[in-house]
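In the form predicted on its own, a lone chain appears below as structure tokens.
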């Protein structure tokens, strides 16, 4: 892969299958030229359009890499700043460029003020994904205050309207996909809650005439867990633009003398079809985003005791569960909330991270040693960013929570948010987790965050609107410090379900909790939305006893859905019958055979449960020698569903063997994908898992 500078300051970023082209025009303005399949580099040039008329300037019609506030730009901008003399206009022009291996930085500079802005790009030898960000640099003596500082801007080639996919979710209904067409004006997907949250997602998917297998698809995903904004608009000339980055809602960033700041990265790409988009991002995340300690290793089957015990934990009761968990094949036992402080329910104890002596009179090692003797690793739950007003920590340090002296604090889930921008709070949070992990054989932390921000007063900050970025950075830094010191420690990001589950979190955490909703029917939709631009490996999926709103499903059905991510168990095992335990054991044994395909393979979404009455997903090895197909349907309309079951992702020239309903099949990949096997889905709780191997 390469980056080439052509004549007239045109830069061509070449990936395996695409070109991304930008340039600098004769006035020093950054211009976007092309993004799509490769074409001859000799043909690229910049247009020289002038002003349309006195109301529609050339600047307003340009496709740009980054739009700066000021001059005759009246559309949405990506960067807006104020200088020390209160000038709020940016007059930015080209200064220089640097190509270093697979990275391009094009330096722009203000014509009067000491501000430089680098437009940065990175390409990868093994992918069509491009990384984008900007660096702002204060080379003078006075502060520069940014009111808006987005990471990237994209312009699409066609003048016809684009459709956009994002999510419109909620707690317990994360990653629910929504679709809209932007014909004029702006559509915005954003978060105001302090974290990337459960509602919209920090990415864009723009497309025309696209489905799983074809059509033009452009996408970009922001690696940032704080307040974000994605804005898409189409102008009177038919140009569709997207900008994304840190939300300018309640935002300000102060750049002091001789400082520079890198915006969060955006990972973007162009593909044919949604399926290839997801597969590219999945492979890219495994190779380049997930923390290197576990990025290419399969994750363990875990058991979490929350649903069985909630807050009422003890060593004997946890060990009782652990013995059953070990017997059915669990590899990691995780004790959830309730083990610390005076934690009897969610009203007290958060912030007091010492082992409760009444619940564990012999300390935590009695439990951990017992679990290790059963052949399992031990993990534990924390909620480091939160504090209950009824806690020793809050009574000693009430100023450690975000607050305004003249406002009453709103308690969601009976808790407040710690001001993680304070160095002393950061050291406290790192200290109690580091101490516990250092003194006990803990291999796994579930890091939870159960409420959004409010009353976000941070009196320690000179610029108090920097709280969301600085809080997010503190979370990342503490996670990185823990993993650097304890190299065999896995950390899961949980935020009241899937409230912190994007590429920013996944640059630091090994996996994420997908949703507090573990209902298998709902999870078919939730997990499908998750899979669009997030790595399947990182998606924790549990088998539990929950069926939301009276949608009971069989234990086998629940395993079928949960095994399509990183498998966990969360039910009350002490109430399971011998037959239930046999079902668990059989499915866990199966999962261990195929989890490398699920966690590290390529996903093909063949049928969609919401559109096709049933779900069929396939996970295929990179060399296409093995695959596994999951089929599930809660129930079929009119009692039956007959179809030719066509597989996907196989090699047409290979021959494959599998067993289905007691019958052995040996067919070519071409036959299986183009003609398929006649099949019928009938009844409720229907589920099949088909292991496929090359002959």
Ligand code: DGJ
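Only a predicted model underlies this, so the values are computations on that prediction, with no experimental measurement involved. Numbering follows the first chain given and starts at 1.
There is also a form predicted in complex with the ligand; it is not shown, and the following applies to it.
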| property | result |
| --- | --- |
| Option from 112 to 120, 441 to 449, 602 to 610, 561 to 569 whose residues, in the predicted complex, bring a heavy atom within 4.5 Å of the ligand | 441 to 449 |
| Non-hydrogen atom contact residue 384 with the ligand in the predicted complex at 4.5 angstroms | no |
| Contact flag, residue 528 vs the ligand in the predicted complex, heavy atom cut 4.5 Å | no |
| The ligand contact in the predicted complex: residue 302, any heavy atom under 4.5 Å | no |
| The ligand contact at residue 306 in the predicted complex, heavy atom, 4.5 Å | yes |
| Heavy atom within 4.5 Å of the ligand in the predicted complex - the one residue of 248, 522, 377, 336 that qualifies | 336 |
| Contact assignment for the ligand in the predicted complex, among 150, 367, 494, 533, heavy atom within 4.5 Å | 494 |
| Non-hydrogen atom within 4.5 Å of the ligand in the predicted complex for each of 413, 513 and 516 | yes |
